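Only one chain comes next, encoded as structure tokens, the form predicted on its own.
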């Protein structure tokens, strides 16, 4: 029988190679159990509103007015919306060519890009050019656009931290490139060793691969660490010497849960390094409305800023962006609000500050509850979540559990996470979905469940884990770092 154009056997092989563990086997099984009536706690994905985080009031008021501009003509609008929200809605509508239902420029609304540039300049202390900022449907779309321009074929390699967020491995597979791993050191709180970077590049080149770009995720996903300024400086020097474009995934820059290592952007460090680095390193930085205390994942708003890319390259990236015509306009407005929130003295400032501070302080407490909870469990060790939204504990599986997983035809940490899901309803992601050293096993969970539910969730995890370890413990030894 003749194959059809879209039979499995005739699919693009890159699509078949593409894996995305965050919505993989565990998530699908959790969805089945939910349909059967089991209570599922979806900690597999950084999706704050799905786990009960309330949207910030002011940005939703502004977007509501932009979505329904006829409300602005209602004489009673001032009774429902504060005057500063009304003024901001009118401001954003004036930037569009026909409201939220009209396409914008493929790079995003010029007025919003100007607000993003002003935010970057305030944050870093160095100028930012709105013409080098593209608004995107979430940071993920921006990453995919840039990787699409970098990767020319399987001979091109992208340095990616392992453990890594599978957006990178999936997109590199989809585009036919080669992922070149560099390993973060769990014993050093997921630190980065430049010597390991050099080894990774040398090994890739010995296999005929041209390494073209390097990805950093800061704060880290799934590992939750924050890069120090010294570490970022080392990375930028490395990229300068190796002629690599640095892709700075900085979407968790608001999510910091300690005071020792505040977020510092790659752009700021680069500019402070001065010549030749500040003019020689090519950098693309990404941000989003999906994380931080905003958590507006479903709105799909993001941006990337390009530093030291030649004008002709920027023109080609614009051409790629133009294929999709326009990023989501309501999300562009949310991005404008994120980079230019209410200021002291504004009517909505006190409420905005109270809401955002409350979310961040709660996340800081939840990070501590979860880390301490994991470290109280048998055969579980977990570095403190310095930033981002995740814990990434190492699960030291007894040989009996590894053997049981093999008999079930499962990777050991997938086996463990499936058992956890069935017993407790907690849906996580196995560490193997992010990459990890051979013979070492992890899981990733968000720190996003409601704070009042966190002790019960961690008690449930501990009860399952300790019973699992007792069941499979045959006193022979454990998987370990």
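Being a predicted model, the structure only gives us computed values, none of them experimental. Positions refer to the first chain, counted from 1.
Form predicted in complex with a further copy of the same chain: not shown, discussed below.
Stretch 296-304 is the contacting one of 342-350, 365-373, 189-197, 296-304, since its residues have non-hydrogen atoms within 4.5 Å of a further copy of the same chain in the predicted bound form. The listed set 104, 385, 164, 266 contains one residue whose heavy atoms approach a further copy of the same chain in the predicted bound form to within 4.5 Å, identified as 104. Put simply, of 141, 396, 410, 261 only one has a heavy atom within 4.5 Å of a further copy of the same chain in the predicted bound form, and it is 141. When contacts are judged by a 4.5 Å heavy atom cut-off, residue 152 counts as touching a further copy of the same chain in the predicted bound form. Under a 4.5 angstroms non-hydrogen atom cutoff, a further copy of the same chain in the predicted bound form lacks residue 226 among its neighbouring residues. Within this chain, residue 123 is remote from the site of a further copy of the same chain in the predicted bound form, having no heavy atom within 4.5 Å. In the predicted bound form, a further copy of the same chain lies farther than 4.5 Å from every heavy atom of residue 135.
For the candidate spot formed by 7, 10 and 284, every residue has a non-hydrogen atom within 4.5 angstroms of a further copy of the same chain in the predicted bound form.
Contact annotation for 374-393: no residue has a non-hydrogen atom within 4.5 angstroms of a further copy of the same chain in the predicted bound form.
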